[in-house]
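Let's start with one chain on its own, the form predicted alone, as structure tokens.
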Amino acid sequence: MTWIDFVNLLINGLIEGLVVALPALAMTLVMGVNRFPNAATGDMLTTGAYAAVAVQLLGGWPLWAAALGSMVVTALVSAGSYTLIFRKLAGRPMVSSMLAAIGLGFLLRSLISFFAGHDQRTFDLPLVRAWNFGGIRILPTDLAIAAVAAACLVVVFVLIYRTSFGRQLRAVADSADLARASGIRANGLMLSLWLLVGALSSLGGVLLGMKAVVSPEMGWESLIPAFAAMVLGGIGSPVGAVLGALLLCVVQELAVPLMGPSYKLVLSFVVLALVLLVRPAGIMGRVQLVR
């Protein structure tokens, strides 16, 4: 592998890492506050991508407007799932919410397959040629994807670390009982969290669809990398989720010349297993006991 190949793979890994960071961040927020792995996150990605495709096809909207519309739709679906399912399971063993999330994911995927079919779909995007800098190739579309994902991450981190909403969220994550005793209204906070999680997942799905194709299985196939990134970065750590996604995707890309692209998902499993065996707290997390 030449240094040009290395740089090209590194760039691809960083761009893919920024996209995977969105669902990984959504998962770690739910895990940190609601204490269960939201296995429906992948299918929320798919919901967002198909919602954007539908808005673009039916309304003729530009992609940025379709993406905003899909974020609203998926955020409402996410908040609805919390209100109808996960809020009622709060206080029960973690496995109850996890199984409910798996069931919700299957339901969303089945509904998408029923109404949209199994055919792959693409967004209406202009064809562009990659810029070539002495062999280092960069697609303008990839730059746009990276810029949007990075801007979204900045907005979320400002919300988490610089606003009252974020302070209340971190207080509930540290101690829900103490937060309630201090007057924090958990219901409104949880609804806001799930709206945010849905919007994040939706944008991740749209960006993933821009980079590849939109299909009913796209979210399910992205779930393991997002989960591995969350565990690698440290469960419950927003910064760790982003770092974990970047590190995981760079390693996956650099391993392509050795293992082939079809083994990238296997590598996610390997990273996930190694982290759980060697350092369960991940890069920036701390060991927590959950029910």
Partner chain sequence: MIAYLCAIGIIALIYCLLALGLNLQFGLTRLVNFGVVAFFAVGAYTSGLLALQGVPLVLCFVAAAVLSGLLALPIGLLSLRLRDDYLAIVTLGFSEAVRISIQQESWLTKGVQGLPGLPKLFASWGSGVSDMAIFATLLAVVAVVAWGTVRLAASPFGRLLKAIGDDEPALSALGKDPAWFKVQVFMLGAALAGVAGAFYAHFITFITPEQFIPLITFYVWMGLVMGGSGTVRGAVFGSLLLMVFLEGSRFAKDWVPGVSEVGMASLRLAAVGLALILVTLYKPNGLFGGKS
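Residue numbers count along the first chain shown, from 1. A quick note: this is a predicted structure, and the numbers were derived from the prediction, not measured.
Another form exists, predicted in complex with its partner chain; not displayed. Remarks below refer to it.
Undergrad: Is Phe165 one of the residues lying within 4.5 Å of its partner chain in the predicted bound form, judged by heavy atom distances?
TA: So Phe165 does not count as contacting its partner chain.
Undergrad: Closest heavy atom of Val250 to its partner chain in the predicted bound form, within 4.5 Å or not?
TA: Output for Val250 is no: heavy atoms all beyond 4.5 Å of its partner chain.
Undergrad: Hey, in the predicted bound form, is Ala26 touching its partner chain, heavy atoms inside 4.5 Å?
TA: It does not: once its partner chain is placed as it appears in the predicted bound form, Ala26 has no heavy atom within 4.5 Å of it.
Undergrad: Though only this chain appears here, would Phe106 touch its partner chain in the predicted bound form if you measure heavy atom gaps against 4.5 Å?
TA: Yes, Phe106 sits close enough to its partner chain in the predicted bound form that at least one of its heavy atoms falls within 4.5 Å.
Undergrad: Please pick, from Ala67, Leu223, Leu246, Val30, the one residue with any non-hydrogen atom lying within 4.5 angstroms of its partner chain in the predicted bound form.
TA: The residue from Ala67, Leu223, Leu246, Val30 that makes the contact is Leu223.
Undergrad: Can you work out which of Leu195, Ala186, Ile102, Ile138 has a heavy atom no more than 4.5 Å from its partner chain in the predicted bound form?
TA: None of the other options qualify; the answer is Ile102.
Undergrad: Could you tell me which of 175-183, 68-76, 154-162, 215-223 sits within 4.5 Å of its partner chain in the predicted bound form, going by non-hydrogen atoms?
TA: Flagged stretch: 215-223.
Undergrad: With its partner chain taken in the predicted bound form, which residues across 245-272 come within 4.5 angstroms through any non-hydrogen atom?
TA: Read in sequence order, the residues that approach its partner chain (within 4.5 Å, in the predicted bound form) are Ser262, Tyr263, Leu265, Val266, Phe269, Leu272.
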